[in-house]
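Only one chain is shown below, in structure tokens, and it's the form predicted alone.
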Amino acid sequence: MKPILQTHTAYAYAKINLSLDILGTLPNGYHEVRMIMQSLQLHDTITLNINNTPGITMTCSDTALPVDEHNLAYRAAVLFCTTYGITDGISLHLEKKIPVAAGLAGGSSDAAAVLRGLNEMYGSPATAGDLAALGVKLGADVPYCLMLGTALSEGIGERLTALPSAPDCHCLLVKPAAGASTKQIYTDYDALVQTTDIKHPDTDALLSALSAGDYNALVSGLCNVLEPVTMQLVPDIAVIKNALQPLGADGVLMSGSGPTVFALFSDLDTAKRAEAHFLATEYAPGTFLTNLYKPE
């Protein structure tokens, strides 16, 4: 297969969960989820090049990240090339902006961007469905990161339904330095749900809010069943939430399995004041003000 482009720049967009619900555990041990996903303008940038060096080579602006099979972007390149019999040398450089291990699907989004980018470089041999099938082999969030926008995610995250775009607003992300193992979080959730009445999102009400373009109903319905679990492991989540609410946030929630907390604002000046507050604290390195990303 011959390329039609020798170089390509791909963008990997962060995501937040407007809701996250766990319906149960499947026989294979995976958790069955129902959640509403939203992509953000905050993104990583991946530059792909075809060269004469055999195999896949990778570099990254964040030297703490692996640049081999332990990196999802690298694995995505290997998977695409193996699937479509590509023997050209491929180099990729990842310019990292999305915080790592943050509940923002940074790694999954990088993998999705590589799949999209290589597909374009080689004349689109893969359909959207083909790419999604490759993506789920890499991780449950990758098919959504290929789709982007506002979507309902079900199953283990691979069953996607496009939704009406969320109303325009501004999103402030605040990530504490401490993190927690996703595996530990789900294990703790399984134990906690046996003894505690955990609040579940009203996903159908959120779907109705999106259909109606009702921002107030949307922000009032934000809910994540993993939040109380991760909060026990990372107490800074509660500190951040308690600080955001009096700063004028319309809605505040932890994204994914955390530990990043996001706040939605209808007013930009209010959002900027909240950003300035956190930039003057220990949370400054993990503070980002961005907007929702809506694919054309």
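As the structure is a computational prediction, the values presented were derived from the model and not from experiment. Start at 1 and count along the sequence shown; that's the residue number.
One more form of this protein should be noted, the form predicted together with a small molecule, which is absent from this view; the next part is about it.
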Among 230-238, 64-72, 246-254, 265-273, which stretch has residues with heavy atoms no more than 4.5 Å from the small molecule in the predicted complex?
64-72
Is residue 96 part of the interface with the small molecule in the predicted complex - any heavy atom within 4.5 Å?
yes
Given that the small molecule is not shown alongside this chain, does residue 223 nevertheless sit within 4.5 Å of it in the predicted complex, heavy atom to heavy atom?
no
Report yes if any heavy atom of residue 166 sits within 4.5 Å of a heavy atom of the small molecule in the predicted complex; otherwise report no.
no
Quick one: is residue 108 in contact with the small molecule in the predicted complex, heavy atoms, 4.5 Å cut-off?
yes
Option touching the small molecule, based on a heavy atom within 4.5 Å in the predicted complex, out of 100, 133, 193, 212:
100
Considering the small molecule in the predicted complex, which of 218, 104, 172, 115 comes within 4.5 Å of it through any heavy atom?
104
